[in-house]
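Read on for two forms of one protein chain; each stands alone as structure tokens, with the labels structure 1 and structure 2.
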Structure 1
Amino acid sequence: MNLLESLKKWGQEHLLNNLEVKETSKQDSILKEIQSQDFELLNKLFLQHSKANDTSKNSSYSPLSFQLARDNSQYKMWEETGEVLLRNSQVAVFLLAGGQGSRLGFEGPKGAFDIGLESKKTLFQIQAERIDNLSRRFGASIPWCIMTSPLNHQETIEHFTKNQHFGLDPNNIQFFQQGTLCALDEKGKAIQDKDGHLALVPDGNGGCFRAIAQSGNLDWLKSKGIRYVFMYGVDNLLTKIADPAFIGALATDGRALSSSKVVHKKHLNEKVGVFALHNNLPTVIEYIDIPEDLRNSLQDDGTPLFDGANIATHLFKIEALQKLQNTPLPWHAARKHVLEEKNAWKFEQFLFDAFPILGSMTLYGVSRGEEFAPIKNASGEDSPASAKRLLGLLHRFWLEESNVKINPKMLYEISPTLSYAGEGLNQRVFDQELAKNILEFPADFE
């Protein structure tokens, strides 16, 4: 079946209209886009969601309990186990970095945005330096898989190249793009821009499992003997990348294939997804999908019944990624403004739909002040300013715990090259590194 016949079969033959009048290079580009799309799948999704009734899972949720990891008597053992795995080069890092910084007023990869730190370091640099710290400490390589999107792929690569990969071995970093699906209009027709290019949109964070396999990077990790893959989103300034204790906790659990970090909710109406059980399988309920009666339910001590807030920090055994590459996740539909179409259909997959497929999982509770400083808004809550302040408070706490004499009116930024999580700090180090790898700024920073 040729391309025209295939497009006719799925009602998309309009995509070839006026193609012959375009320059050869533009023709080739548009044809490549068209050939990249699974129009049978798009047709199936359109029919399924345009006629679907409400399928919300509002009846059989129950809480998925957790405790703070540091309170567990096995914490030290977990940490030592994770350190052994890191030392043996059995841990890799997987960054989900397909987003742009548009909401921050920055037209580029969010990870390349100057978020206002005293050092002027970007999120990418902070994360690279945390990986480098662990790699040097344990004398082992830590492969870094970075999933971009068509929106920022080339810019991300250029940012790393310009900055000499922040001192990391470029052979240990792999960039690859997540998949895309064409947006459809209200009649199910693929949307094109004025030049004939398809309105391609990323296929959601759940596409990460397919992308790492199809790009060859899952096989790359397996060839290196990787057993655990630490996965995280780009916009949390306090992510403890490849956290040894987190790795050790999953490694010593004989049942679970995955684990996720969680924090206690700030309040009942905090706009975060929460972990729960649905039909006795783990999942995440998005904030907008939590029935009001469940959102307002309290435990006996007055804390939220559904309290495990998702901070997009996960850990998978390599067997889990192997399973998920061949197990399709459900597709979700959204109606969004795309090009000139005000109510277009967009389809995407969600990462958390992997958890019920994998079955048993563990929740690893962490302190919000130590590990969660998201950057999502230009100002106010969850902004660069709020994240900087949280980092400054945490690093001041590290110094105080190390009995360092500091200025109580100041907050501090400690380079990850100097300390990963507060280790190695003392008065001598502070005196030597102040204004170098330890920077200070006013505590009333807004």
Structure 2
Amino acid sequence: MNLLESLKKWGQEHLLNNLEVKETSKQDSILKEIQSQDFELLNKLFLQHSKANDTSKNSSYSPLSFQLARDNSQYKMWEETGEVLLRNSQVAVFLLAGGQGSRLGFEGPKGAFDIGLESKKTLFQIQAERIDNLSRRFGASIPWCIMTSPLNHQETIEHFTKNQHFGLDPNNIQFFQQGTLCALDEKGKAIQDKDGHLALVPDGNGGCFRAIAQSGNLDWLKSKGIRYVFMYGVDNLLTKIADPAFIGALATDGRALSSSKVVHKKHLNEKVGVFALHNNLPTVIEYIDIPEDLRNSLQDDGTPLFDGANIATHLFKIEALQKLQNTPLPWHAARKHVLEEKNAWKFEQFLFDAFPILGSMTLYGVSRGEEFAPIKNASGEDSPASAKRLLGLLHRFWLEESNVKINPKMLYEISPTLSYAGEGLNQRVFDQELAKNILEFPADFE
């Protein structure tokens, strides 16, 4: 079947309109975009979702409980086990950085945005320095897989190249792109911009399992003897990358194939997904999908019944990634503003749909103040300023715990090259490093 016929079959022949009047190079790139798309799948998703009367959101959810890991009597043993795995270079890191970050309103990669830290470091730099800290401390090689999308791939690579990969070995970092799906208009037609290019949007963070395998990077990790892959979202300023105790806890659990960090919800209406059991299998219910009566349910002690917030920090055994590369995840539909189209259809896969497929997982409770400072919006809640404050408070707390005399009117930013999680700090280090690797800023900085 030639291209026109196959496009006709799926009602997308408009994509070839006026193609012949464009320059050859433009024609080629548009044709490439068209050929990259699975219009049969798009057609199926459109028909499914445009007719759907969603019945999946019933109330057969039950809460999934969790404990703070630090309160567990095994915590020290987990930490030591994780350190051994890091020392043996059996842990890799997988960054999900293919999102569009539309709420932040920055066109480029979120990880390269100046989030207003005193040091002017970007999220990418902070993350690189945490990896560097662990690599040095444990003499570990920690491969870093970075998933981008075609919309931010080049800029991401440029940010790393311009900054000499923040001192990391470039051979140990792999950049690869996730897939995209074309957004559709109300009638199910693929949307084009005024130049004829397709309105391609990333296929969701669940595209990561396909992308790491198809790019050859799952094989790359296997060839290096990697057994655990720490996977995380780009926009949490406090992510403890490759956290040893988190790794040790999964490594000593003979049953589970993955583990996820979880924090208590801040309040009933916090816009986060929550962990739950659905038909007895672990999953996450997205904020918009949680039925209101469940969202508002309280336990006897007044805390939310569905209290375990997903902070997009996960750990997978390599066998899990192997299994997931060939297991299709469901598609979710969203209505979004795309180009001129106010109510376009966008289809995405979500990472957490892997959990019911894997069947058993563990939840690893952590404290919000130590590990969760999301950057989603330009201002207000979950913004660069709120994340900077949370980091400033945490680092001040580290100094106080280390008996350092600090100025209570100030907050602190400690370089991850100096301390990963509060270790190695004392008065002498503070005096030496102030205005270098320890920066102070007024608590009322906003």
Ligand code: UTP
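Just so you know, these numbers come straight off a predicted model, no measurement behind them. The term rigid core refers to the most C-alpha atoms you can superpose between the two forms while keeping them within 1.5 Å. FYI, numbering is relative to structure 1, first residue = 1.
Can you tell which of the two structures I gave is the form predicted on its own?
Pick structure 1 here.
After fitting the rigid core, is the C-alpha of Glu433 off by 2 Å or more between structure 1 and structure 2?
It does not, since the Glu433 C-alpha is displaced less than 2 Å between structure 1 and structure 2 after the core fit.
Does Gln100 show a Cα shift reaching 2 Å between structure 1 and structure 2 after rigid-core superposition?
Yes; Gln100 is a residue whose C-alpha shifts (by 2 Å or more) between structure 1 and structure 2 when the cores are overlaid.
Quick one: once the rigid core is lined up, does Lys224 have its C-alpha move by 2 Å or more between structure 1 and structure 2?
No, its C-alpha moves less than 2 Å.
Core superposed first, then measure: what is the displacement of the CA of Lys187 between structure 1 and structure 2, in Å?
Lys187 is displaced by 3.1 Å at its C-alpha.
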